[in-house]
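Below sits a lone chain in structure tokens, taken as the form predicted on its own.
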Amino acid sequence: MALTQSSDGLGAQGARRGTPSSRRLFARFENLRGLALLAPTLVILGVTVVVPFALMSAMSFWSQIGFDYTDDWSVGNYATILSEPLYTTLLLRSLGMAMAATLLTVVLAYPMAYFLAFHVHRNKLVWLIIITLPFWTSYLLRVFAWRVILGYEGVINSGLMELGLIAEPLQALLYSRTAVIITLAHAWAAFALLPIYVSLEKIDKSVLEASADLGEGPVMRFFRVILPLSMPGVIAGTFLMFIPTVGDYVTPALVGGPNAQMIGNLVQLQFGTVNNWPMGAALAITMILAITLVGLIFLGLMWALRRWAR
């Protein structure tokens, strides 16, 4: 009996001593398991994003001599970009138009997401399908649809003339910056709507009830509870909308005029028609750096606003 108790005590003591090591082994196993699950995604990102970005970054320091490239590294392409007003003008115009389209999209998408999150209690999936149904079609078809709507004899001009509000069709609708901003706002709206909706849907309804019990009205409850809690979705939707629209070249080419061309059109021109890949790579890297700078400024402003609100 004594031997049995002693052996049991030694076994329990050994188990207690072995617990930290087993926990470390288990944690290490979990980390390895997590890395194994992430490995395919990391490989795909490395092959499709990191490697092309590294090659493009290296190519941006090359030079073109006639139809040949020289791999003697220089900053000549970046010096040209900074010295030529055309490049800076297109870059600033692209950033401004992308900001306008992003702001328009977020302002219009937020009420839709709010309605879905707080006022639709049944068949939310059906509502989501109805709202996102136009985005199931091709991007080019949606852009061409806006050409029909904004055209010289399009839906808007025809409707205004039928109502007697204008005597002749408006020529400023199509092939303008306004047309590009409207088309971009519609084409990428789903990328802003869905993150905002998810962020609003995750808000605990008991928090809203507690706010109402403390005497907050609907307006103050929105600004002090709902809007701050939904800011992660707003920020995510802003980035998902802003980043691709800066480099868009299809929409300006189809609905924008000479004064509505963006930096993406110039990048496409350098890689395609001009066949100056080093300059195209330098323009693309400059655009990425500009987007990163604007994103950091935006995050800094959001952080400062959050500190001020507290």
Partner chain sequence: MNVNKMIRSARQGRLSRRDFTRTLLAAGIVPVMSSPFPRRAMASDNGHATVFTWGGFDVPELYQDYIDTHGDMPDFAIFGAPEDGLTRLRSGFVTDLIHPCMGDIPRWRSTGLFQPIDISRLSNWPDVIPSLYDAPHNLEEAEGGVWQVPFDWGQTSITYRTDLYDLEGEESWDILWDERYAGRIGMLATGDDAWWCAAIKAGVPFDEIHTDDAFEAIAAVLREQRPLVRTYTDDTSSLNQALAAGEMVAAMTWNSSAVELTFEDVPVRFAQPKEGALTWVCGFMLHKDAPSPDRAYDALDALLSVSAGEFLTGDYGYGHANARVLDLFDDEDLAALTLSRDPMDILDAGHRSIPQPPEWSSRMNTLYEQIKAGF
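Please read these numbers as outputs of a predicted model, since none were measured by experiment. Numbering follows the first chain given and starts at 1.
Just so it is clear, the following notes concern the form predicted in complex with its partner chain, a form of the same protein that is not shown.
The single contact residue among Thr137, Ser74, Asn123, Thr89, judged by any heavy atom lying within 4.5 Å of its partner chain in the predicted bound form, is Thr89. When you look in the predicted bound form, the only residue of Ile243, Ala253, Ile285, Met59 with a non-hydrogen atom within 4.5 Å of its partner chain is Ala253. Residues within 4.5 angstroms of its partner chain in the predicted bound form, judged by any non-hydrogen atom, belong to 138 to 146 and to none of the other stretches in 223 to 231, 98 to 106, 138 to 146, 181 to 189. When its partner chain is considered in the predicted bound form, Pro40 lies well away from it, no heavy atom lying within 4.5 Å. Using a 4.5 Å cutoff between non-hydrogen atoms, Gln268 counts as a contact of its partner chain in the predicted bound form. Put simply, Ile44 is far from its partner chain in the predicted bound form: not one heavy atom of it is within 4.5 Å. At the 4.5 Å threshold, heavy atoms of Pro85 reach its partner chain in the predicted bound form. Within 4.5 angstroms of its partner chain in the predicted bound form, the stretch 260 to 277 places a non-hydrogen atom from each of Gln268, Leu269, Phe271, Gly272, Thr273, Val274, Asn275, Trp277, taken in sequence order.
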